[in-house]
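Below you will find one chain, with nothing else, as structure tokens; this is the form predicted alone, and questions on how it binds or moves follow later.
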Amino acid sequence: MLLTDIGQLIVVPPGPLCGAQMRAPARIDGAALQVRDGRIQWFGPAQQAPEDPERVSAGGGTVVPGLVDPHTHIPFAGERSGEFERRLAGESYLAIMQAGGGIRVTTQAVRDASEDELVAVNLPRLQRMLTYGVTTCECKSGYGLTAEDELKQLRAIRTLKTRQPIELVATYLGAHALPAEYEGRPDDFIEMISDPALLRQIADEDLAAFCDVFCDAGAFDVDQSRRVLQRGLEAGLRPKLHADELKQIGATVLAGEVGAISADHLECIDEAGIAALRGAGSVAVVLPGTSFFLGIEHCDTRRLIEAGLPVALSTDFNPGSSHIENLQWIMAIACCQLRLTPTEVLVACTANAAAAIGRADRVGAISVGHQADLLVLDTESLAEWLYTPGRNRVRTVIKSGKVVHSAA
């Protein structure tokens, strides 16, 4: 098809993009874009467009790449609104978790749910995320905390891939929290959850592409995290880390050491961590929804950009610390609270987010040969989109060259 009547096309190049590159995507006014076999065939000024019998009008709206959400905790079950009230009354997230709340509550709900129930509960969440413009999404296990229940979560992700249009990328997060039955025995839990046979099964059945660890105060230390990530790497699962969210314990330095594709959170990152990520070529994934939801200090994202790191943004959608499934809302927080420009925010949610999940070669960009994952907005500019938080300005969602959602 030929997408015509584009008011403005934001030409985000393939990631990862660093520093000033995040502010530099070209804009083409009065543009057109041709799709063939699900991929971008051509784009440019409309008067130079090739002939194509099938035309779709953008109605003068802005066209951008489909959004990529590189850090979510889908699939989960249960809810934690009572914990939300406790935090508003003054309890910290860490204190609630240490008292047996937090992740352990969701763990019980996930253990009680069947694979089919996990699919049924999470399918509507993904369908709503699609309407907000997400065309690719990372999904994590991490709430089962037994081999059987972690596999159940990963298999639910595999089923969800076939039930809706968003492209899902799975991550194994077995080392997410210490379950009650292993209280006082964290090393025994690490041995169980990183058993080489389990990791090989996950890789051999293509249930996950990545292995993640929550390396932080109240979770797992650097040595325990290293053990899990190295075993995952030996099985063929690329490393990721939850790092520097609650305390500075050296998690980002570990991320650089193991060559992690991304380190996520980073509210407490230090100069050694920044240098380690830069040296390893890791993507810094910032999760401002978590700081917003928990009422904690935001990551100094401008510092990361000026240090030359490719920065991505994500919802961290989960039932406890960021119950936010709308990536557009995260983009608005990034503009208004982190002081990123609309262009930087778009790059962080497309090209760099794709790089954080190893998909930059085919999604997250306007580039010939890339997958035709596109959004048509009902705005005349990118700035107008992010100037109106709370309104969904996505008119049309195109995935692999097919219209998969239309607001009309």
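Predicted model only: the values in this text are computed from it and were never measured. So that there is no doubt, residue numbering starts at 1 and follows the sequence shown.
The same protein also exists as the form predicted in complex with another copy of the chain; that form is not shown, yet it is the one meant from here on.
Check P165, F210 and G358: does every one of them have a heavy atom within 4.5 Å of another copy of the chain in the predicted complex? Not one of the three qualifies.
Only one of L233, A95, A272, L294 gets a heavy atom within 4.5 Å of another copy of the chain in the predicted complex. Which one? In short, L294.
In the predicted complex, the residue from I157, I324, V253, A177 that sits within 4.5 Å of another copy of the chain by heavy atoms: Selected option: I324.
Interface membership of E79, another copy of the chain in the predicted complex, 4.5 Å heavy atom rule: Contact check for E79: yes, within 4.5 Å of another copy of the chain in the predicted complex.
Does at least one non-hydrogen atom of G19 fall within 4.5 angstroms of another copy of the chain in the predicted complex? Close contact is absent here: in the predicted complex, G19 is far from another copy of the chain, nothing within 4.5 Å, heavy atoms only.
Would Q337 count as a contact of another copy of the chain in the predicted complex, using a 4.5 angstroms cut-off between non-hydrogen atoms? Yes.
Does another copy of the chain come within 4.5 Å of any heavy atom of Y182 in the predicted complex? Result no; Y182 lies far from another copy of the chain in the predicted complex.
Options 109-117, 83-91, 185-193, 259-267; stretch whose heavy atom lies within 4.5 Å of another copy of the chain in the predicted complex: Selected range: 83-91.
For the heavy atom contacts within 4.5 Å of another copy of the chain in the predicted complex, list the residues of 364-403 involved, in sequence order. Stretch hits, in order: S381, A383, E384, L386, Y387, T388, P389, G390, R391.
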